[in-house]
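Quick setup: one chain, the form predicted alone, written in structure tokens, and binding and motion questions come after.
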């Protein structure tokens, strides 16, 4: 085991961290699958409206790669298939009836250890849970035809309010070990498990078999997988590495040991706009509309629900559902307040990483803050200051990567290392940016352009 200390980054102490207890959310009578969640795939439906489906049964597949499927999170009747522009399938709704299950091979822990690569991949592909394993570069679903040189399991999340694997693994230790054993079949290289060195980790994590365990400490984004890859197994542009979150590995372990697609998952709920006593972990049905269980927990103001953390998460729509890849939600109060000549004020009550305000001089970075959605500024011209490098622990010159992407110079962006990263790695830089640049969006577009053109 090696321990790494990351110096660059930023931690924000926010009000509203979830308590380490798990509660059951109310069940819903309908669930939905959102195919665009699975990335740029061309959907071909396997069911029609009125069809009766089992939990785990295929609802659609990718036209380009028929092995990639999306499956039903619950048994019932397909009540609607919503199409968008150019007849893109945007939503498949199922009325829950009964709990018939599509059977998959049920393996005991010893059988998982003896299984071969093809057997594990076949189960992951048919169940649709291959989506939980992501492939670098680009962060798409793992391509079964690729052979990764290594697989990284992320057992730490340094973003605010992100779920703690130590809470979610209780009672599911066997499933986690089964997931690790399965990953060893998918790569000729190593399986790395990266943990938070500042926490007291569960024995099921530190004593896990068939994986190298390493710890990382330091401010966010020390918990990002890109940081772990850069320290343990740096990648070249032509390398392929698979990654999976430890909390998602529990779902894969459940599938292999029980022979069925999980109907529920555990998500965290935190943020200043969540009522006290309601900030905790919830066991929710996959595909369940968020409003059916989320609304009673929020304070009575206009709020914004964010899928993921406040740095790199995305705003969810009012009719959104619990998606297959969801791990947690952060809720902030909408704040559109405008401050007259705010830039000229002393800034006692502003959170800022800039010492142009007084709050950082008075220990503001060590206090707890109840932040809203106000970004306190607007888009301004980009100035090369080198500020971003203070928050980037990777060997990346952020200013130049961003400039290369904006200039559509993909070759230069590749030379500067963009393929070693994902948009989330630039989120702290964007938060600290005095020009309010959408660095996450810029990098996402740059990676999409490179993916279309090919490396």
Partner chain sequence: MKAFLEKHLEKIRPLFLPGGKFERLYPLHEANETFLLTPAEVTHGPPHVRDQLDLKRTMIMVVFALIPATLFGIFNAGYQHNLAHQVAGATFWDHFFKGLAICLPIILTSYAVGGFWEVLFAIVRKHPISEGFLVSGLLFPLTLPPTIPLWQVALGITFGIVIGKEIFGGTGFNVLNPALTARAFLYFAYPAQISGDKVWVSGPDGFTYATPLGIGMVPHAGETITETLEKAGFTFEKMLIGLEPGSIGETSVIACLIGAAILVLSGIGSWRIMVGGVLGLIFGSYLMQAIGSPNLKPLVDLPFWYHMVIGSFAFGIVFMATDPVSAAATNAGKWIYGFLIGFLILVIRVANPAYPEAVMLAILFMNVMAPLIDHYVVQAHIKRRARHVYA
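Everything numeric in this text was worked out from a predicted model, so none of it was measured. Residue numbers count along the first chain shown, from 1.
What comes next is about the form predicted together with the partner chain, which does not appear here.
Of the heavy atoms in residue 437, some are within 4.5 Å of the partner chain in the model of the complex. At the 4.5 Å threshold, heavy atoms of residue 303 stay clear of the partner chain in the model of the complex, well away from it. When the partner chain is considered in the model of the complex, residue 378 lines it closely, a heavy atom lying within 4.5 Å.
By the criterion of a heavy atom within 4.5 Å, residue 427 is counted among the residues contacting the partner chain in the model of the complex.
Three-residue candidate spot 189, 291 and 296; no residue lies within 4.5 angstroms of the partner chain in the model of the complex by any non-hydrogen atom. 384 is the sole member of 362, 318, 384, 88 with a non-hydrogen atom within 4.5 Å of the partner chain in the model of the complex. 234 is the sole member of 105, 234, 144, 109 with a non-hydrogen atom lying within 4.5 angstroms of the partner chain in the model of the complex. Picking from 208 to 216, 306 to 314, 129 to 137, 250 to 258 the stretch near the partner chain in the model of the complex, with a 4.5 Å limit on heavy atoms, gives 306 to 314.
Taking the partner chain as it sits in the model of the complex, the stretch 103 to 130 never comes within 4.5 angstroms of it through any non-hydrogen atom.
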